[in-house]
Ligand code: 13P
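To begin, one chain is listed below as structure tokens, in the form predicted alone.
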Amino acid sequence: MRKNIVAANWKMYFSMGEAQSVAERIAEVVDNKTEVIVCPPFVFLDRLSEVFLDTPIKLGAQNMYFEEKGAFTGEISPVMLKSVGSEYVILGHSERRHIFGEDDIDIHKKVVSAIEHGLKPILCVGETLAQRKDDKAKDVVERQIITALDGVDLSGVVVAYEPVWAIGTGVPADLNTVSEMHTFIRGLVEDVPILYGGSVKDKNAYELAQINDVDGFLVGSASLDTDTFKKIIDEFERAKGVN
């Protein structure tokens, strides 16, 4: 079911004290109608679950392994994530695909496992600059979605379109590209929330949110500052006419 979502991906930032301070500030100032998700590093999940207790803010992880338990040194299972309060988990982020070598089959296994264990996957998809220049953007995104969601109940799934060339560069995809790709993805997952990610800032949030098929954002570096993150949510709601 489509709904408005703004998620914060903190990536590998903050100490425990910094993470708690920022989370407490978010809990104080974010009272929006949009569903807000904070995805910190694994080691902060337990503490932040206490901070966000009795607030509408949801907690998500940045990744997981598909097995429940076993000899998988350094990995985190879906059971572990549930035990520390995670409701969502980001899967298939471009940094996982391109830095750590995860492929479509790996991500499919994770999506299936997440759903089986009561977690809601935020599936990240997107093309590289080379793929876009070769006019393969839609082919890549379609393959990523079809493979990852094969045989999956979509009722709890979120898709995030993040063109790889726009992540962390400060240069978001132009509005026409975002609109075209979100419309294309909508044809593949009609009732699933589709977020945009890739250099989302408070200064471009309003324009991006005016695109009909953009149901929210997956925000990276701009989510590390509470005031900026709050402004992004406010601008999203202003564009969507949420009162």
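As the structure is a prediction and not an experimental result, all values here were calculated from the model. Throughout, we count residues from 1 along the sequence that is shown.
This next part talks about the form predicted in complex with this ligand, which is not shown.
Proximity to this ligand in the predicted complex, defined as a heavy atom within 4.5 Å, holds among Glu87, Glu75, Glu95, Asp106 only for Glu95.
Comment: this ligand is not present in this chain, but in the predicted complex one of Val38, Val200, Leu48, Ala209 has a heavy atom within 4.5 Å of it, namely Val200. The three marked residues, Asn9, Gly168 and Ser221, each reach this ligand in the predicted complex, with a heavy atom inside 4.5 Å. In the predicted complex, this ligand sits within 4.5 Å of a heavy atom belonging to Glu162.
Judged by heavy atoms within 4.5 Å of this ligand in the predicted complex, the contact stretch among the candidates 211-219, 27-35, 186-194, 53-61 is 211-219.
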